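So this one's two forms of a single chain, laid out as structure tokens and tagged structure 1 and structure 2.
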Structure 1
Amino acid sequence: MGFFLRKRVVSSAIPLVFVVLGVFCLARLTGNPVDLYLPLSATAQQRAEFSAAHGFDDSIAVQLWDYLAGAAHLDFGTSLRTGESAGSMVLQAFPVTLQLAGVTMLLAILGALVVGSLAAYRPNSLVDRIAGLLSMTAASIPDFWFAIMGVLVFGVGLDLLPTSGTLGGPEIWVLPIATLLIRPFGVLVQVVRGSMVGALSAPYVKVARSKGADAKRVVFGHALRNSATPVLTVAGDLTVGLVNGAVVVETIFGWPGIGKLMIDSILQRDFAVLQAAVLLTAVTIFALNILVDVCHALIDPRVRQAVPA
């Protein structure tokens, strides 16, 4: 196991370098942010001074070298917008998104296991059909539309939930999480159902059933364990996709998370913050992928030997 893990971590570190390079160059392509940060009537000299002060007049190679040299000492530069350290801004925003994503995925997986199993237990039954239709619909609703409908219906119309924000009791979590949840939940229900149907019709389950094993034990003892692998894989990919959802949700509900930070830093051409944020999400995604692989290896011994990387 130790060898497997080490190999996986080392081979993942190389792509990280490419992520850093990629986001650095992309950010530079969006142009010099001098116009955004200087007064409309700033003189050419003021512009030149601003560029020099922030190193935008150096060649891209020099800028990259400076950045890498800083990053090696965990100094990710200073935000143009706030003047604070980019690293600390990102670390401050990160837990917010991590909590949102964590709770969302936990609920999505648990909910999908329950609904998916119910649907798979009697394929083509009414329950199955309703679950199928609802989950497919849930997976294809635009998230921002869902969020605004949620605010209008539950926030204003029914007066049940706060409209937005991060200050308040547990109820403030409901709408953001519901918005993030719909797509992973819809997709996972279908995955669970699919693999459970497959497992329930597999010979060993049929044998167990014909021996008179309790129906519940069959579902939860045999079939559920068998569907762990595909659910794990898909859940891992869906978690990665939550970054996209977080941008929308945090923008609408005013949550100070990494998604909002990234879109703001793009719009404000705040390169240091954007780079630090993308780097941190990339590291997290790597960690997540490794975690998924480790889980696979734990569940399925074959993976340990056959792992490609």
Structure 2
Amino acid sequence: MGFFLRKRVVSSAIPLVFVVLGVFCLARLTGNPVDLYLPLSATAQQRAEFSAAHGFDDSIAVQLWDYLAGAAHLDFGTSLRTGESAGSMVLQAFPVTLQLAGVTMLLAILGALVVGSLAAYRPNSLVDRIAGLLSMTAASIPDFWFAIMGVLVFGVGLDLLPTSGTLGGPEIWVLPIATLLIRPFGVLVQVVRGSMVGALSAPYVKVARSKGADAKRVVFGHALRNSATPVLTVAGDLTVGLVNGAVVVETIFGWPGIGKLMIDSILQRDFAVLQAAVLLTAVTIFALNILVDVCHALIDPRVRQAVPA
């Protein structure tokens, strides 16, 4: 298991390095912060002093070295917008995103297990066809379109739900969670249904039925437990996608998470905050991928044996 874990860490760390270097270089293509933070009437001396104070007059290589050296000590610099520590700003926003993604994924998994299991218990029945239609539709709807329609219908048209912010009761969660939930729910229903159809036709399930086991025990006690591997793999990938894809939802709904912080940092050329936010997000995705691989290997020993030496 230790060898398997080391191989996964090394293979996953390489893309992390490219992400960090890529974001550092691409951020500078958004423009010179001097043009944004100083007035048009600023003199050449003022522009030079601003650049020198924030290290923008150094070469790209020197700026990259300073960034990597600071990141090694968890010092990501200060925000150009607020003067706060970039690391503290990111750490304040990231739990908001994790909370939103965690609640969403929990609801998606629970709902998909119930709907997918019911659909698989009676293949080609009315319940199965309805579940298939709804899951395919949910998996195909773009989240940005669903978010905009939710705001238009329930926020503007019916005036039932708030459309931005985090102040208020449980109703503030409805639209953001529904937007993030719809695609993972649709995909997981299809995965659960496909895995359960195969499991319910397995010999051990037939033996359980022949011994008089009731339907609930057969579905949830035998078949569902043995269908966990593909469901776990897909759920892990979808969780990573939720953390990474919360940018759209947080921007539309004004949710003060890491996604909105990234967009604001790009628009305002706040390089330090952007780099810290991307690095923390990349490390989190890296850790989630490792966790999914480890759980998969614990459930199915063949995964560990398949890793080449």
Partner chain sequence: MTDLASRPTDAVTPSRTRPPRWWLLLGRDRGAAVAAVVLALVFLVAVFGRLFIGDRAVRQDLGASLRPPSLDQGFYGLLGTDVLGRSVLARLVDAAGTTLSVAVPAVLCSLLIGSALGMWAGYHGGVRENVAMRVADVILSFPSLLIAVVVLYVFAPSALNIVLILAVARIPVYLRTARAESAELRSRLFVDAARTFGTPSRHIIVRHILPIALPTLLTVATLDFCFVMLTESSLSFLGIGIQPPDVSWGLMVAQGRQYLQTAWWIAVLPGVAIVLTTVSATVLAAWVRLATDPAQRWRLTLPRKRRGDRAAVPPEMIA
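A quick note: this is a predicted structure, and the numbers were derived from the prediction, not measured. So that the term is clear: the rigid core is the largest set of C-alpha atoms that superpose within 1.5 Å between two forms. Here, residue number means position along structure 1's sequence, counting from 1.
Source of structure 1: the form predicted in complex with the partner chain.
For Ile285, the Cα coordinates differ by under 2 angstroms between the two structures after the core has been superposed. Met149 shows a C-alpha shift of 2 Å or greater between the two structures [criterion: core-superposed Cα displacement of 2 Å]. Fitting the two forms on the rigid core leaves the C-alpha of Asn244 displaced by at least 2 angstroms between the two structures. In this core superposition, Phe18 moves its Cα by 2.6 Å between the two structures.
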